[in-house]
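Before any questions on binding or motion, here is one chain by itself as structure tokens, the form predicted alone.
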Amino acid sequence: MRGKIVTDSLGQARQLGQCLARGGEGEIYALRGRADVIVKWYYPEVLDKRGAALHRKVEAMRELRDTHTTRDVCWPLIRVFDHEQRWIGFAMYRARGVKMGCLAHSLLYARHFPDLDRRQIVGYLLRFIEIVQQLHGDGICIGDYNLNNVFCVPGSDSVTLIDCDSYQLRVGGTFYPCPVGSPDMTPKEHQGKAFRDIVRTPRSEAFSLAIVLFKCLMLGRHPYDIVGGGDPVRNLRRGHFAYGRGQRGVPQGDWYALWQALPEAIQEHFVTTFTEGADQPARRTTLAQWQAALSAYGERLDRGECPRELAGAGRTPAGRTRHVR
């Protein structure tokens, strides 16, 4: 069956392949003849409601494409039109690898990352931090931290970010917010606000990034999960971090073992960020501090000073863990 047809800014027709994914704003299609390129086609109702604003933002991002045309960030590269020359989306490079959400999962990681160990996780996280630092250096904030928007290539430290058209940026004096997000990845000072009205900062980004780091190092647990207690968003707003000083809420079993295997310096960064840092953004560990701490951890792993294996991870269902008494 013949696929959909789109045209580029020069009017050249291109045939789309299969639909690869469907999101909240549009569909992602393969591009026939270019395995490394995909096309985002916004839904008609999205274009009717916000098409002009989306087009302006994507064009603003394309002005920055010389900086972000690497394969590490799936940046908007080429504007795409329908058969009537109406703007409907853009083309970008295709991410390789597996979603980070599969890595940060106590069961799925073994299927998608069969040789995964702590050193490989640290390698992915260091590369992720480097990419975010590059974006911040250009005044760009991710805003919507979502582990399914980060791809990791098994057997390497390659990391790629997708869904970049939601990023917060300022181009030519115009501010473009990030209109989406997840409450359980959002710092306390932004809770209860419409995402489109939030102005992200490096400090607020550091909080969300720390949640990503924790979930990866702890194979899927959210830092504000408390077994038998409140939901993560409620605990986040209260600064109730189960792994804080005293560690009275740390679940026994595999989760406790994962936490205990982390170096004290890494633990302290999490404790400070998720307790004092919940209310005081200046107390949060910065990206540069995380980079230094994880680099040191990686060196210790290389020297055999810390266990590399993920022994025992995933054997204890989260619902059957117990509190430390």
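Since we're looking at a predicted model, the values are computed, not measured. Position 1 is the first residue in the sequence shown; the rest follow in order.
The following text describes the form predicted in complex with a small molecule, which does not appear among the structures shown.
For the options Tyr124, Trp255, Phe207, Phe151, the one in contact with the small molecule in the predicted complex, meaning a heavy atom within 4.5 Å, is Phe151.
Though the small molecule is absent from this view, in the predicted complex it lies within 4.5 Å of a heavy atom of just one residue from Ile28, Leu262, Val271, Leu287, which is Ile28. Looking at the small molecule in the predicted complex, residues Arg65, Leu77 and Ile131 place no heavy atom within 4.5 Å of it.
The small molecule is not shown here, but in the predicted complex it comes within 4.5 Å of a heavy atom of Asp163. The small molecule is not drawn, but in the predicted complex it has a heavy atom within 4.5 Å of Gly23.
Contact annotation for Lys40: at least one heavy atom lies within 4.5 Å of the small molecule in the predicted complex. Although the partner is absent here, His105 lies well away from the small molecule in the predicted complex, with no heavy atom inside 4.5 Å. Remark: of stretches 112 to 120, 182 to 190, 208 to 216, 91 to 99, the one touching the small molecule in the predicted complex is 91 to 99 (heavy atom within 4.5 Å).
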